[in-house]
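Below you will find one chain, with nothing else, as structure tokens; this is the form predicted alone, and questions on how it binds or moves follow later.
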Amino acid sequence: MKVFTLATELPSIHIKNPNRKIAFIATMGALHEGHLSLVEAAQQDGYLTVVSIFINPLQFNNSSDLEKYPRTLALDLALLEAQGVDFVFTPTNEEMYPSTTADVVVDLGPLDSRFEGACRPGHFHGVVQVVYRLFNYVQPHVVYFGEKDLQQCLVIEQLVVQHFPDLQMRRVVTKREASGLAMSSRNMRLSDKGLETAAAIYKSLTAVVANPTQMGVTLAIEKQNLTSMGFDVEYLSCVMLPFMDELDNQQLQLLTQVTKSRQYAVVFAGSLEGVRLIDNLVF
């Protein structure tokens, strides 16, 4: 495994491997099995793998969140090497955001003002800036992103459509603990009791999807259940992809009649023990 710190070093990947396709996985470190599942998916598809580790300051709208974000570079590199990753890119802030570089413009439509866009103003602007630069630096053929950050996936899909039309993007199903809790670096900040309680998120999501004819009622019941367990629930909603259109009660009642060409998701965000958690279930 070779580690690069400068963007100017990355073209050597293509020069030395002219007949191989390159897969790219962008991360902010604090790696867990969820990240490694993206690498595994790329390896199973036969690609050379490039993983970036960069804690992007632009996507934190809360400075304390940035300060608290775990920094575990040595452990991350050991995990990636054990997984058989080919290349790792670990740039500095100065490397990612030179003063001469202008911001890229991406039309995100309503994605920037709904759900995570509304809860975290400026977050997706920061995501777009860093991912655009990483794609340009690495020049991958295909990129892999985890479905746990569903709205982020949808944002990046818009970036790809508008700026990288030849790039393939693949969403990988959320990797979960045995309890059903979505794997996340934020889980490290939960107590043992909190980890046990947080498993209720997935149970609520599955309960909603399991009752399509009563989805509106089930959403209300599950939101109340989570609140009674100590969650500060920001949203628990059913949406239509790709623009996170929230469905009202009348639309929810029609879900059993829609065609399979439509894709939907139940989405959740809320805090437990002061830790903000998100999850979703696509159906």
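Predicted, not measured: the structure shown is a model, and the values here were computed from it. Heads up: residue numbers just count along the shown sequence, starting at 1.
A second form of this protein, the form predicted together with ligand PAF, is not displayed here; the remarks below concern that form.
K.L.:
Just checking whether Val239 would be counted as a contact of ligand PAF in the predicted bound form - the rule being heavy atoms within 4.5 angstroms.
P.N.:
Taking the distances in the predicted bound form, the answer for Val239 is no, it never comes within 4.5 Å of ligand PAF.
K.L.:
Report whether the minimum heavy atom distance between Val127 and ligand PAF in the predicted bound form is within 4.5 Å.
P.N.:
Flag for Val127 set to yes.
K.L.:
Considering only heavy atoms, tell me if Phe164 and ligand PAF come within 4.5 Å of each other in the predicted bound form.
P.N.:
Residue-level check for Phe164: no, no contact with ligand PAF.
K.L.:
Indicate whether Thr174 is a 4.5 Å heavy atom neighbour of ligand PAF in the predicted bound form.
P.N.:
Contact with ligand PAF, no.
K.L.:
Identify, from the list Asn56, Ser37, Gln43, Thr218, the residue with a heavy atom within 4.5 Å of ligand PAF in the predicted bound form.
P.N.:
Residue within 4.5 Å of the partner: Asn56.
K.L.:
What is the one choice in Gln158, Gln152, Thr197, Thr90 with a heavy atom within 4.5 Å of ligand PAF in the predicted bound form?
P.N.:
Result of the distance check: Gln152.
K.L.:
Hey, of 176 to 184, 101 to 109, 204 to 212, 130 to 138, which bit sits against ligand PAF in the predicted bound form at 4.5 Å between non-hydrogen atoms?
P.N.:
Looking at the partner contacts, the answer comes out as 130 to 138.
K.L.:
Taking ligand PAF as it sits in the predicted bound form, which residues of 5 to 29 have a non-hydrogen atom within 4.5 Å of it? Please list them.
P.N.:
Result: Ala26, Thr27, Met28.
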